[in-house]
Structure formats: C-alpha cells, structure tokens
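In the block that follows, a single chain appears as structure tokens, in the form predicted alone.
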Amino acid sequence: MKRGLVEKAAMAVLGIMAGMGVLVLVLILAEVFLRGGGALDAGFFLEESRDFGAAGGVRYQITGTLLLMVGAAALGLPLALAGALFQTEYLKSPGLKRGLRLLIYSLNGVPTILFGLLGYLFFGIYLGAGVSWLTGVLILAIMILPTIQVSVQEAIEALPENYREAGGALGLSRWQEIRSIVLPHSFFGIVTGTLLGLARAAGETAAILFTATAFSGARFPASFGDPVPTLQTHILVLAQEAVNPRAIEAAWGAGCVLLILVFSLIAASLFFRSRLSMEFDR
C-alpha cells in the first residue's frame, strides 16, 4: 500500500515537471510566432534583405544557412559512417570500444565556441581559408560528427544478430556483409543521424559567427573564399543593433523561419526513427 502511494506520488511529480517543461517550450514558441508571424509572407522568403533588415526578406540568409548545413552533412556523414563501422564491425577490443565511445560522447559536450575558435585558427588561418563558407562547413562538419556517429552506431548495434548469422551462413566476407546487410538495414538510422546533425547545424551561431558569415554585402558565394549570410547572424545582429521596429519584427520573423527549419528536421528524424523500429520488428 505504502509502496503504491510512493510510486503514484513520484509519477505525479514527474508528470508535473514534464508538463512545466512542455509549457515553457510552448510559451517560448508562441512568443516567437506571435512577434514574428506577421512578417512571414511570400516576399519574406523570396526577397533579399534591405535597409538594415527593416525591409525585404531573408532569401540569401536561408540559402546561406542551407549551404552550410548541406555541406557539413556531406563531409560529416562519410566520416561518421566510417567511424561507426570501424567500431562495430572491425574493432574487437572492448576497452578501445568503450574509450572511443566515451570520446565521441565527450565531443558532444564541447562548447561550440571552442569548435569555432580552433576551427578558425586551423582552417581559416593555418590553411588560409579565411572567413568563408568553406571554413564554416569544415567547422560544422566536425561539430556534428559525434551526433551523426552516435545515431549511426546505435542503429548498427541494434541490428538483430540473426541478420549477421545469415550472412555468415551464406559465406559473405566482412565487407560483403556490411554492404549487403548492415548498411541497407541501418538506412533509416543513418538518415535519422544525418537529420539530427543538420538540425544541430541549423541552430548553431557561435561556431560560424566570426568564421563563415557576414551580415551585409554577401549573397550567394561565388568562390570557396566568400562568406555567406545566415539566419543565425541575421537574427543576432538585428536583435542587438537595430532600433527600427520593423527590423526587430524582421528578426522575429527570421527566428520563426529558423524554428520551422529545425523542427521540420527533427520531425523528419522522428519519422525515420520510427521506420527503423518497424524494420527491426519484422
């Protein structure tokens, strides 16, 4: 009787805390969309920014953000996939596996400003890339690498053992097993990890603020050495320096666009994650 009351009380407390967390999130989202929703129309998405953000839209900011995201995923995914396959398919030492897993988890906790600082020193100064979208792509690729690798590795490790046993019974080599069994059945996990990495890259500001972006004078880059405008930088600069109410509304509108982008990626990752579970339940 007493134990049941304690469990019910614990569930009630957890439910209240979870509800408070959801309520805070809903209030924040409501505030953003109430303040910036009025700026969202076709012109806001299709026109370029003018008059210090007080007029026009965020066409080039959206383009720059997507360019950095896609470039980072294109570089980060192969590295993350190679790392996950090495740990799950080739590395035999349990100690090394635990050490590498701890390292990957630790990289997820590194402050993003450090990624930006070290990345700029190495890619921007030492390699001569300067403040450019290429520097931003390289920094973001390293930053999202742990996120993608953890998701991919978990998908591969969740693969039912009888799949591998069937491959061994057919006489497949290790690479043939990876190519014919592991990768196809881990596809949804790989996509999930990539989308989560893209979502993290989409919301990043500190790592790219002084390494890859420009607030004005930049459009679509014509070379690897050109900076790009991004939604993150656009929001930050307008919120700090603009005194025009229309510019502030545009900053909230850009925040709405960024939230829509991030939540779309997260929703897509949840969809593919559910498909992965369905695949393993067959």
Partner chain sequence: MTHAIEIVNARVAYNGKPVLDAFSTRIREHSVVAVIGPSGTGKSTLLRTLSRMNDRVPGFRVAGTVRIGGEDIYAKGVDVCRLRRKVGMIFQTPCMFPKSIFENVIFGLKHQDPGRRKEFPDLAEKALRRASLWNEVKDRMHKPAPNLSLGQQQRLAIARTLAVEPDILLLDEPTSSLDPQSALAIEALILALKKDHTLLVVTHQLAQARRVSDETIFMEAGRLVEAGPTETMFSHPVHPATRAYLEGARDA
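Quantities reported herein were computed from a predicted structural model and do not represent experimental measurements. Residue numbers count along the first chain shown, from 1.
There is another form of this protein, the form predicted in complex with its partner chain, and it is not shown here; the text below is about that form.
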| item | value |
| --- | --- |
| Contact flag, Gly71 vs its partner chain in the predicted bound form, heavy atom cut 4.5 Å | no |
| Exercise: Leu172 in contact with its partner chain in the predicted bound form, heavy atom 4.5 Å | yes |
| Interface membership of Ile181, its partner chain in the predicted bound form, 4.5 Å heavy atom rule | yes |
| Heavy atom of Ala158 within 4.5 Å of its partner chain in the predicted bound form | no |
| Contacts with its partner chain in the predicted bound form - residues in 162-179 whose heavy atoms fall within 4.5 Å | Asn162, Tyr163, Arg164, Glu165, Ala166, Gly167, Gly168, Ala169, Leu170, Gly171, Leu172, Ser173, Arg174, Gln176, Glu177, Arg179 |
